[in-house]
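Taking the form predicted on its own, here's one chain by itself in structure tokens.
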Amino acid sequence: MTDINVSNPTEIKSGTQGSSLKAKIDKGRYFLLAPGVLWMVLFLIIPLAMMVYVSFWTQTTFAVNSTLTTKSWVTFFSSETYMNALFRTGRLWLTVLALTFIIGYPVALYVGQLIRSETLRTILLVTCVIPFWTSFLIRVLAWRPMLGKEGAVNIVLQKLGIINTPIEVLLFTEVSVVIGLVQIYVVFMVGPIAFMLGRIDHNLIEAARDLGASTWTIFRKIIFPLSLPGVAVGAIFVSVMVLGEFATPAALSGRKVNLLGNIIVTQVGSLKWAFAAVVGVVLTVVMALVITALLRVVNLRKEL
């Protein structure tokens, strides 16, 4: 701490002004944070707290009262049906996440590294989001005539002589759900990765080539590590949306594949608010664990 000479009024005045300025800056920070904090409290913390509270309410056949009980929780974790839905949700999430990465990364690599023109890069990225110009349900339902026994996929495969009889597993199964989810959400993996790849300084790659590094070495030690923040962001986007899905599984599986989201919709429709809250809390915890794990792999605050 700097000593202030009491006999010097100018020094005292300067120190007072400095303290006053610091206090004003601190107040300004709190003022700027206030709207965001208020929004988070009103629309995130309070709804989550209410959902947890309602999950302990007593549920009857067609009514619910505020008497606290753990019956709904016991029902969820003791039921083979609901536990299978939980594991199925996790399995489909991992499958879709892996496929969106396998399909999306090469596309993002091409757009972010091989295309030097900013205009062409923008055009290609806009092309990726063209499907979002149509309704979500239209895009989902469009797969049904494509994947059916007499759909376009089976017809093309038969015309090419690849198969002799139609493939029945393409529709109203987990396969059709995975196909629909990958097609819908792969763009959320492409965008962040392409953005990070586009930020890589090409001088690094040229320097590596001058030092004799092979293409695979450059990709493994320079390109891929620098693109990891984009992979993490894309994985978070895909994970949050896939884990909460209910429309795509219902439309493409013929209601044969029930995920946690489908159970929530069913329970709410049956006015079973307490049990729906239990499933909602479980789904929220799963999402939080997934996001935390992804953020532990890549420090986004440091990388971005």
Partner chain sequence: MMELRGLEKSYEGNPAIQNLSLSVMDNEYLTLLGPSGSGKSTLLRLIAGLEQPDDGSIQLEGEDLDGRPAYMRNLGFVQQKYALFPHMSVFDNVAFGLRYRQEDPLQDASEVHDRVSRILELVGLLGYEERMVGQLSGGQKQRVSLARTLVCEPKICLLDEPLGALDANLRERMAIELRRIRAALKVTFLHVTGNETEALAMGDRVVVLDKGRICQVAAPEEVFSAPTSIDVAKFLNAYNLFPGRGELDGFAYSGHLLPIKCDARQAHFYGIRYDHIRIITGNDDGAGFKAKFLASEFEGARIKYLFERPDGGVFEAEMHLGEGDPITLTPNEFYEVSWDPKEVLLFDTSGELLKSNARGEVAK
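Numbering follows the first chain given and starts at 1. All figures in this text were calculated on a predicted structure; none of them were measured in a lab.
Not on display, but discussed next: the form predicted in complex with its partner chain.
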Would you kindly say which of Ile115, Ile167, Ala213, Leu141 lies with a heavy atom within 4.5 Å of its partner chain in the predicted bound form? Ala213
Note: exactly one of Leu204, Ile155, Ile102, Ile123 sits with a heavy atom within 4.5 Å of its partner chain in the predicted bound form, namely Leu204
Looking at the partner-bound form in the predicted bound form, is Thr217 within 4.5 Å of its partner chain by any heavy atom? yes
Just checking whether Met83 would be counted as a contact of its partner chain in the predicted bound form - the rule being heavy atoms within 4.5 angstroms. no
Residue-level question: is Arg209 within 4.5 Å of its partner chain in the predicted bound form, judged on heavy atoms? yes
Can you check whether Pro145 is within 4.5 Å of its partner chain in the predicted bound form, heavy atom basis? no
In the predicted bound form, segment of 186-194, 173-181, 124-132, 224-232 with a heavy atom within 4.5 Å of its partner chain: 224-232
